[in-house]
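Here we start with a single chain on its own, the form predicted alone, put down as structure tokens.
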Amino acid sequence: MANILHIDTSPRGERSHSRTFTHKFVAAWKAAHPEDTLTYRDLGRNPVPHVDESWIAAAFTPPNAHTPEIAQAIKVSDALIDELQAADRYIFGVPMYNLNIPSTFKAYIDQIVRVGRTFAITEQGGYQGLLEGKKSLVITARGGSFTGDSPFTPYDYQEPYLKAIFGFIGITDVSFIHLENLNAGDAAREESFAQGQEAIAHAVASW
């Protein structure tokens, strides 16, 4: 039995393509694995706070030295990291905004990438991710095409960033389903949706 953490990041509600397809994946996964548990977080509708000065003070102060004020400043981060650590697999819905991720998701990442909790500094001065042995699936929604031999592939700062930051905290098994060309007309959009549905079926069988 696995614990799945499902996070949507789009603020578009039911009009969100990334949200629609993460829910398609989760429905198919639950049908195939009814014993698994699911935790859901909607960052698009319920964003987490950005890091501020009190958060930084709390993150770099030993827990036994926390005052009530800085303990409160790190409370959201602690809860998000506990949730992340408890999960075995992650499914993220992430639209592409300005070649990268929405600010709501960046705020979440800043809350969970924390020394002593999700990564450590080694004696040699290097970094070691602490969330090992977990898997992540990211479903993106993009207005254009940024994969393969597309001339816009060099502008994709979304997938490389997510691979890098998840790998930094130990999550190195990261796969992607890209819904692309969504602004290229009805035919292109429907083709992308069909390809996304096939990719979901494959992911459910192999993830």
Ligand SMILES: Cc1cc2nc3c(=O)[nH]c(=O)nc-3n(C[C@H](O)[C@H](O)[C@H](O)COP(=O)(O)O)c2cc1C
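Remember, predicted model here, so these are calculated numbers, not experimental data. Sequential numbering from 1, following the sequence displayed.
Keep in mind that the form predicted in complex with the ligand is missing from the display, and what follows is about it.
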At 4.5 Å between heavy atoms, only one of the stretches 61 to 69, 39 to 47, 161 to 169, 141 to 149 reaches the ligand in the model of the complex; which one is it? 141 to 149
Check for me: heavy atom within 4.5 Å of the ligand in the model of the complex, for each of 12, 15 and 98, yes or no. yes
Just to be sure I understand the contacts: of 26, 182, 177, 174, which is the one whose heavy atoms reach within 4.5 angstroms of the ligand in the model of the complex? 182
